[in-house]
Structure formats: structure tokens, C-alpha cells
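Read the single chain below, which is given as C-alpha cells and is the form predicted alone.
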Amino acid sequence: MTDAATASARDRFDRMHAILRNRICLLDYAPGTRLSEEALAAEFGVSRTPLRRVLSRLEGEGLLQSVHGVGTFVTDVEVEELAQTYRLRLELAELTGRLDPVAPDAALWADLRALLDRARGFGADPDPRAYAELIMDVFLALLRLTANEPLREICERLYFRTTRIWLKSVFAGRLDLASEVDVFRREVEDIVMALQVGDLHSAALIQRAHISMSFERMRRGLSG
């Protein structure tokens, strides 16, 4: 296989993975949904072999479960089951400001300004899915502040494993969405302010605090 063909196959793999991961994390595929390999292969215009590699990766990330002879299903998530994962995310968030930190370049600054505009653009009745997409986009943008690839990979993996809990809590009426939007807007504003003065460690600490507070609000919502 030529280098160009290899790159093209990798691009297709990454694209399918990102699309299916987003559908799971935005609850387009609800927990328990059975995914049809035939339908997905037809949608993406690929054979089942590369599709199965994507599904296998998503299963390794905890987003799918394959049941032999039955099919592949979207997993469910609960706050208490992933408490340890959240605690690990807290520690990793701080590390992004200390391990191989990278100052924002012009492209990242442009993305951050656009993301902040989106955060400020929600009205009194925000759309949960649009807001969830914003949170994901902010997370991926801020990952670019570290050049440590292993750290980036594990942060991304754990983030996408836990992010559905927040959206499930909103749809279940456990969280006040308007309040959540306001808290997140202020978080993004504080991170941008820290980055403007070149304090990448403080930006990472702000992210850490946000993860901690979000988790506690969800736990209180469950127990309330």
C-alpha cells in the first residue's frame, strides 16, 4: 500500500471513529442501542472490515460492548460507576499545564475566541445538544495546550468515556441547564484570561476545578 493510500485509509478510520464517537456522546445513539454494521458500512461507503476496526476501538474506549452472536451495543454510564475515572481526570487536567505546555498559536487563539463567542451566545433556554457540542469543542481545543502525546491520548479517552453523564443528567432534569451554561461561560473566560498573561498552569487548574465542580453537581443531582 502506498503512503498516500495508507494516509487515506487512516483518514477514513479517524473520520468514522470521530463521527460515531460523537453520536454516542451526544446521545444520538442512546445507551442500549444496537448498531447495525450493514447500515453503517453502507452509510460510510466501506466494507465491514474497516468498520469493525472502528467499532473495536470504540469498544476498547468503553463506549460500545460486543455481545457474541447478538450484536454491538452502546454502553450505559452512571456517575458513581465512573467516580474513579473523574478523579483521574482531575489529576490529568493539572498535568496538561505542566507537561510539555504549548502557548496558544494564532490558530488556537482564533478558535478560542470563536468558542467564547458561542459560549456567550446562549439565551435563557439553551439547547442541550448544542451546548454539549460546545463543551466537547472547548475540551479538544484546550488539549492543544500540551505537546505530550500520551497525556493528550489518555485525557481524550477518559473525557469521551464520561461526557455522556452530563447530558444524561440534563435530560433527566437533574441539572439546571441555564446555570450550567453560565458556569461554563465564566470558566472559558477565566481560561482565556490566564492564557492571555501566559499562565498555562493556571489555565489547567481552572479546568481541574471545573471538572471537580461539575462532578459534584451531578452527584448532588442524583441524590436530590
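Predicted, not measured: the structure shown is a model, and the values here were computed from it. Residue positions are given as counts along the sequence shown, with the first one as 1.
The form predicted together with the DNA exists for this protein as well; it is not shown, and the discussion that follows is about that form.
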Contact check in the predicted bound form: 9, 67 and 71 versus the DNA, with a cutoff of 4.5 Å between any heavy atoms. Do all three pass?
yes
Within 4.5 Å of the DNA in the predicted bound form, heavy atoms considered, which of 176, 190, 156, 37?
37
Are any of the heavy atoms in residue 53 no more than 4.5 Å from a heavy atom of the DNA in the predicted bound form?
yes
Heavy atom to heavy atom, is residue 196 within 4.5 Å of the DNA in the predicted bound form?
no
Are any of the heavy atoms in residue 46 no more than 4.5 Å from a heavy atom of the DNA in the predicted bound form?
yes
Exactly one listed stretch (162-170, 181-189, 59-67, 22-30) reaches within 4.5 angstroms of the DNA in the predicted bound form by non-hydrogen atoms, and it is 59-67
